[in-house]
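The chain below stands alone, shown as structure tokens; this is the form predicted alone.
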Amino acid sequence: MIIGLDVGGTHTDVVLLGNNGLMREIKVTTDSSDLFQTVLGGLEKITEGIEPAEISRVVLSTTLTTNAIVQEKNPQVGMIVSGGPGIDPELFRTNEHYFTVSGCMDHRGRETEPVNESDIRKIADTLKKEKIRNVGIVGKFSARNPAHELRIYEIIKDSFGKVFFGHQVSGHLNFPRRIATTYLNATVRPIHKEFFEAVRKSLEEKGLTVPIHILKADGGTMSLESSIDFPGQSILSGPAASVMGAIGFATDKDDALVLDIGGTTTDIALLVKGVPVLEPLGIRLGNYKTLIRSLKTRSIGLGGDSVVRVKDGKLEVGPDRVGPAMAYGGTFPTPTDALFVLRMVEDGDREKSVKGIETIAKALDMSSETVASHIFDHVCGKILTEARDMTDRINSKPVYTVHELQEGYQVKPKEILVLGGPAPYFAERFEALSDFSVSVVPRWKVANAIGAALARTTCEVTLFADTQQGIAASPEENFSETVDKNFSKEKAIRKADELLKQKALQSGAASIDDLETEVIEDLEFNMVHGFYTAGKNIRVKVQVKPGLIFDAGCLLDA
């Protein structure tokens, strides 16, 4: 059996999957001030009466790290950054305790200026006096050669708790994003570690000693143990759960929109012939542009519980949510109350909804039924507009999917896949207001939790080779070896694939046999010195193909 849990802004969805499909599904109210109790409560309810030995895997998707960054509720960390000639690292300052230092590697990983060890010791003393525990170390070209980052670590390692390295973030060279990503990993690590260690301990006390996985922003999973050192990977895992909950029901012939309508937000994503669109460089969260691999998603402050009000004589919905719909005990009218007035929903107190919508109707001098219809159309229209806008913005640049660059491709979605609690009501209206064919994802109320449960363990590896220097390296994997001038792109791919499989097993994959690997980048350039070829510069990137561990269509046939 497998447990999938997805924390949303309003509800936390939990499912229990077995060989015969969906066995149980529950929703618990999300307490954003105590996500631990929310998660634990959901896990306790879903496992009630189940023998612990029957559960083989737990996958969690939470808003913990996202909330911590957005709300700036993180402990202070130290950042030690070296850039050398060219762009000034000070331009990318992340926080108060941010120090730029001398020492430089060039783009091929050759030292051009050594580390000033005296300066590093002074910085360490300053950070200790400020009682800083976690530190990030970033060099501009550490993805080519991490020697300076490792030297700085040797100098300071006995003075601090956890040290994060820029070279372990990604094989991409983007210096500003590497700084931001290292900083975010360092600053969210304490809250992430405390939360998940508490979850694991609580499960162990109940006899559940099964592997715990975290859903990542790219729609794949990683083990709890791996996530402790790379907590930033769990940022925006909620929208990724929505995508994974829908891809099992998307056609591989046409492009499609995915709309997950929750109580607080609506998450929007695009599929190119059944394959999710990727954010090519990484997540942008607030002011931070990162190298955290992510699906291309958009969250808007519009959901079933968004507050409805009249402002300057005009109808306004959201982006805030104050509580549940009035039909369920809330104090402000919402789109869900409009559905009650229109008699589309009947499992709450319709009279309270009518009273709430009447206040809006009087302000607009309309009947309650007319206003309810306007509210519903307003929400549906705005979601469709945002979805079209997202499509246009994706088409304004090269389109990347999780598998490859679609050079020159124009995304033209013909279908909408809808999930979330009110999905059936919205689906009918979306179809009436647009030219899309609209389908409701099976088990729409908990499809995001199902997507989390079934997501495959994913990871990627980038390997560089410079045959003139006689080096092949993947700094993010702490790998380096000498090679001769005959080292080829084919050999680089084989070595990268070997490293990838090792990484996947360490990240929580069940076995090598379960992995589908693919090459997503392979480049080779001759380096010319005078009139002669002095060597080759090779870069390859491989990944475990994102997807589901089972056929969702067979498992969840509605």
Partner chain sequence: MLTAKNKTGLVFFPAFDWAISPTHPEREERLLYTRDQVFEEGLFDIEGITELKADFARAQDVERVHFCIPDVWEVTTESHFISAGGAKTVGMAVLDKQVEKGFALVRPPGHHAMRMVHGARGFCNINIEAVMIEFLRAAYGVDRVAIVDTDCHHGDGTQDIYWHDPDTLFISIHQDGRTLYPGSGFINELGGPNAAGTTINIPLPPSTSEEGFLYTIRNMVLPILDDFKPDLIINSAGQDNHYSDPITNMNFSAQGYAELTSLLKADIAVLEGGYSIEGALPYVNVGIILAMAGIDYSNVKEPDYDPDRIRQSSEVSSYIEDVGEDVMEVWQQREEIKAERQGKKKFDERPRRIYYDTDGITERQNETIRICSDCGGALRIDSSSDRRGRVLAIHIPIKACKACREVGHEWYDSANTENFETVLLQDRPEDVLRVKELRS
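Note that the structure is predicted; figures quoted are calculated from it, not measured. Definition used throughout: the rigid core is the maximal C-alpha set that superposes within 1.5 Å between two forms. Numbering follows the first chain given and starts at 1.
Only in words, not in the display: the form predicted together with the partner chain, which the text now covers.
Asker: Are all three residues R108, R177 and V528 in contact with the partner chain in the model of the complex, where contact means a non-hydrogen atom within 4.5 Å?
Answerer: Yes, all three are in contact.
Asker: Here the chain is shown alone; which of I228, L433, I87, V310 has a heavy atom within 4.5 Å of the partner chain in the model of the complex?
Answerer: The residue from I228, L433, I87, V310 that makes the contact is I87.
Asker: Looking at K162, R284, K273, R350, which has any heavy atom no more than 4.5 Å from the partner chain in the model of the complex?
Answerer: Selected option: R284.
Asker: Can you check 506 to 514, 519 to 527, 23 to 31, 52 to 60 and let me know which stretch has heavy atoms within 4.5 Å of the partner chain in the model of the complex?
Answerer: Single hit among the candidates: 519 to 527.
Asker: Do K131 and the partner chain share at least one heavy atom pair within 4.5 Å in the model of the complex?
Answerer: K131: no contact with the partner chain in the model of the complex.
Asker: Does Q37 reach the partner chain in the model of the complex if we count a contact as any heavy atom within 4.5 Å?
Answerer: Contact with the partner chain, no.
Asker: Going by a heavy atom distance of 4.5 Å, is I155 a contact of the partner chain in the model of the complex?
Answerer: No, no contact at 4.5 Å.
Asker: Find out whether any non-hydrogen atom of L405 is located within 4.5 angstroms of the partner chain in the model of the complex, and reply yes or no.
Answerer: The answer is yes: L405 has a heavy atom within 4.5 Å of the partner chain.
Asker: Across 391 to 425, which residues bring a heavy atom to within 4.5 Å of the partner chain in the model of the complex?
Answerer: Stretch hits, in order: N395, S396, K397, P398, V399, Y400, T401, V402, H403, L405, Q406, Q410.
Asker: Superposing on the rigid core, is the Cα displacement of N395 between this form and the one not shown 2 Å or more?
Answerer: Yes.
Asker: Quick one: Q502 and Y400 C-alpha atoms, closer or farther in the model of the complex compared with this form (3 angstroms or more)?
Answerer: Q502 and Y400 sit farther apart in the model of the complex.
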